[in-house]
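So this first bit is one chain, no partners, the form predicted alone, shown in structure tokens.
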Amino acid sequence: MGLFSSKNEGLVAIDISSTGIKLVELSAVRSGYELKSMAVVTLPRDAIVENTVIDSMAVSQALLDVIEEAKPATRRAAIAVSGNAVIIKSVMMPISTEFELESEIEFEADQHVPYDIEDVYLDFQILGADVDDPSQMEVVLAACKREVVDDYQLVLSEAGLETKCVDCAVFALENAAEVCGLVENDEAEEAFEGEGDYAIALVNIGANLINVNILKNGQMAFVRDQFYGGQNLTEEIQKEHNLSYQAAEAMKKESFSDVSSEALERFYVGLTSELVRSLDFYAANHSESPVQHLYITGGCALVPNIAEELEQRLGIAAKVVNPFHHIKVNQKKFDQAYLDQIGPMMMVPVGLALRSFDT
């Protein structure tokens, strides 16, 4: 199965994380895209741990619940993979056609993928010719452990879904960012006044995983997944307030103003440290193009004032992004207040749903 493969036959996005399942289906309209169906269903704790399906019955039931709630028009699904199971590398190769590259890609991938090639699904995408050496082209390699994809396929099939596209979460994030006008942001680029290259960081912060995609002049320059997220804040609340995990989660979501400043500070110190690590890795090869804007999505984007906190701590302009502000929504069918509330955590499934319109 190709990690980028999809034909224009209609897909429903199924984003499976450690905390829940999100479904998004879009339709193309004259003004861009319209929300067609959507649902979010939570998963029991530890039903999925680090991309591994631990409780397949719970995941299958949640899939049935999310389908029942959303009632999508298709059972053809697109899913996203991330974390340790995924390897993404940008490599330089001699100019060739996609057909010619198919016969060479396994050998090239063998040099970069730390798993047996027989144990992974592998795909590639040609980004274009190298600016400095026209005889070379930049190619993105993506590989994912077969067992992870196969496990997801199995639980999807048990719920009556057919897996037709497997994408990487960082790429889905980029697709959604394009629709939100973040990739080609003329106003922001003008403010930068053309002093060198323009770079932005897309940062999707989930329960225990951060997807980072840094784009330079609209092109992917650095991607990384890091294990940190909202679960770390829950654990800090647990320790500081001497609560159970469930009670700490409830405090985080329902009475955030009661959370101690000490717990918040420890969470932000850890989060900032993780983000600085990614920014430093990027800067090591792109020192002439520092990141000017940080766009925050994911479940952690719902933490009050997170953009202001990160902007102050990182010294980079930060903003929380809601993809539903850039997609047509039928107010009679969907509750706008609810979409405003959960929107930032729906960036990856929206990006996945856009794969329906690949040519």
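Given the structure is predicted, the values throughout are model-derived calculations rather than measurements. Quick note: we count residues from 1 along the sequence shown, nothing fancier.
Another form, the form predicted in complex with a small molecule, is not on view; read the next lines as being about it.
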item: Candidate stretches 230-238, 70-78, 129-137, 257-265, one within 4.5 Å of the small molecule in the model of the complex by heavy atom; value: 230-238
item: Contact residue in the model of the complex, from C300, L26, V66, V321 (heavy atom within 4.5 Å of the small molecule); value: C300
item: Candidate from L209, V170, L275, V148 lying within 4.5 Å of the small molecule in the model of the complex - any heavy atom; value: L209
item: Any non-hydrogen atom of D123 within 4.5 angstroms of the small molecule in the model of the complex; value: no
item: Contact flag, I14 vs the small molecule in the model of the complex, heavy atom cut 4.5 Å; value: no
item: Any non-hydrogen atom of K253 within 4.5 angstroms of the small molecule in the model of the complex; value: yes
item: 4.5 angstroms heavy atom contact with the small molecule in the model of the complex for I205; value: yes
